[in-house]
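Just one chain is shown here, as structure tokens, and it is the form predicted alone.
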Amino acid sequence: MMLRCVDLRVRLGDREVVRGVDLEVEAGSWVTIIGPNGAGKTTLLRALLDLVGASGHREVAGRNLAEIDGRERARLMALVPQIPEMPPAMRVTDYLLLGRTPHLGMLGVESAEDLAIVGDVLAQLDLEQLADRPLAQISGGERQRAVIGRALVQQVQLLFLDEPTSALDLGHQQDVLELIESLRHEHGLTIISTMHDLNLAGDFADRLVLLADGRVEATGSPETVLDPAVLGATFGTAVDVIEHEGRMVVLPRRSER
């Protein structure tokens, strides 16, 4: 088991926004958290990373998260945030090198091995030709690949993705998720993501966690969770779920006029 939490709770001000979540994530799997706006998806993701104050028990790779120091955590887990901080004048290569920080020695100087790892990731993500380009001079899809690259050079076991396709057009959404899927198998990564698009979530995740008002309403395979009755009750609107060329497609039902 790569990650486990029991009775995870987060309170922001006077409101409990994550309410008693139990979750187990097997090594090598892709688990996606879905749910309506305001359900607590991003807060839950941040709580699993210990980036927001939370109560409850959390384990990573069989170890209590509270007993793992920050440097070692950065060798185990990485986050691709929804809105990353990207210094516009920084070169793509230098941005990726930031991901090597948890592995640097006492002097904090990148070694030949660090540079080689970054070079390999640049090649994997088809960013070699952009290596010396400032971040401000590359496209949105290329920036998204750079953010993923920074996480990959950390050489973690567990990769968190917060709405990884929210700023991308339709073609780039599919490209980025297919890239993550191939890297998952190549590197043995465990993926935990949040997604707004139910169809993309169903296409790529092994397991879905449906969150509503901070609670888990359903969890299981996409075929189990993407059920019209379950989705209708959670999202407050009637939907149809059809199969098209081996894929499950969620369609909002048009109201009669």
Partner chain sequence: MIQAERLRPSWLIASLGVLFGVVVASLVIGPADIGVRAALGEVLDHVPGVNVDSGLSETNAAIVWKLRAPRLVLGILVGAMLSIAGASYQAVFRNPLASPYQLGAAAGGGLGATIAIVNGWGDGAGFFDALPLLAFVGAIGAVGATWVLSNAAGGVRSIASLLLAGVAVTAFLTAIQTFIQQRNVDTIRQVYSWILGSLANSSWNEVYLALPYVLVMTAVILVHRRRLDVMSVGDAEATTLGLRPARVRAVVVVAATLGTAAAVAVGGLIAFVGLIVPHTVRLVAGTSNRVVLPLSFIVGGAFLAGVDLLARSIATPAEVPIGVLTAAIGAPFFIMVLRTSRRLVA
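Predicted model only: the values in this text are computed from it and were never measured. Positions refer to the first chain, counted from 1.
Another form exists, predicted together with its partner chain; not displayed. Remarks below refer to it.
Here the marked residues Gly202, Ala218 and Ala229 all miss its partner chain in the predicted complex; none has a heavy atom within 4.5 angstroms. Although the partner is absent here, Arg184 sits far enough away that none of its heavy atoms falls within 4.5 Å of its partner chain in the predicted complex.
Heavy atoms of Glu163 never reach within 4.5 Å of its partner chain in the predicted complex, leaving it off the interface.
Proximity of Gln154 to its partner chain in the predicted complex falls within the 4.5 Å heavy atom cutoff. Among residues of the shown chain, Met77 is one whose heavy atoms approach its partner chain to within 4.5 Å in the predicted complex. Residues with any non-hydrogen atom within 4.5 angstroms of its partner chain in the predicted complex fall in just one of 64 to 72, 218 to 226, 189 to 197, 35 to 43: 64 to 72.
The listed set Ile138, Met90, Leu179, Leu168 contains one residue whose heavy atoms approach its partner chain in the predicted complex to within 4.5 Å, identified as Met90.
Among Leu159, Leu130, Val118, Ile148, the residue placing a heavy atom within 4.5 Å of its partner chain in the predicted complex is Val118.
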